[in-house]
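Next up: a single chain in structure tokens, the form predicted on its own.
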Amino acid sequence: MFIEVRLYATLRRYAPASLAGVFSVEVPMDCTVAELLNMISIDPTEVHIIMINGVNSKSTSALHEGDRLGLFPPVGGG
């Protein structure tokens, strides 16, 4: 199944070079967010907010065909 991944801020460095942090990826059925992070080589400690279809989610959440996954790093500032 395919899902859309959107990487924000510093996580964009994990996206394919030609894309602006948005790409589609094929994952197996019943794949969790944590499993996807492992597949695309993102350290889970770098992800602070997980949104699936605009809803706050957890790394243990299952993904479904056509989902839009947004991944955000911790917010910094001063």
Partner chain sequence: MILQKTIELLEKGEVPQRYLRNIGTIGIEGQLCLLNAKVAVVGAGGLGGNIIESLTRQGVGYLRIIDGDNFAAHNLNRQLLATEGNIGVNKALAAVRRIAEINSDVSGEAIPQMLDEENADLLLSGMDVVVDALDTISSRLLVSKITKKRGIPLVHGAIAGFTGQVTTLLPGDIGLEKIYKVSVGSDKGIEISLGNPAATPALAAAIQSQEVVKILTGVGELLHKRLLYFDTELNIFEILTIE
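Residue numbers count along the first chain shown, from 1. All of these numbers come straight from a predicted model, not from anything done at the bench.
Note that the form predicted together with the partner chain isn't included here; everything after this is about it.
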| Pro28: touches the partner chain in the predicted bound form, heavy atom cutoff 4.5 angstroms | no
| request: Although the partner chain is absent from this view, report whether Val47 comes within 4.5 Å of it in the predicted bound form, heavy atoms only. | output: yes
| task | State yes or no: in the predicted bound form, is some non-hydrogen atom of Ala34 no more than 4.5 angstroms from a non-hydrogen atom of the partner chain? | result | no
| query | Counting only non-hydrogen atoms and a 4.5 angstroms cut-off, does Val55 reach the partner chain in the predicted bound form? | reply | yes
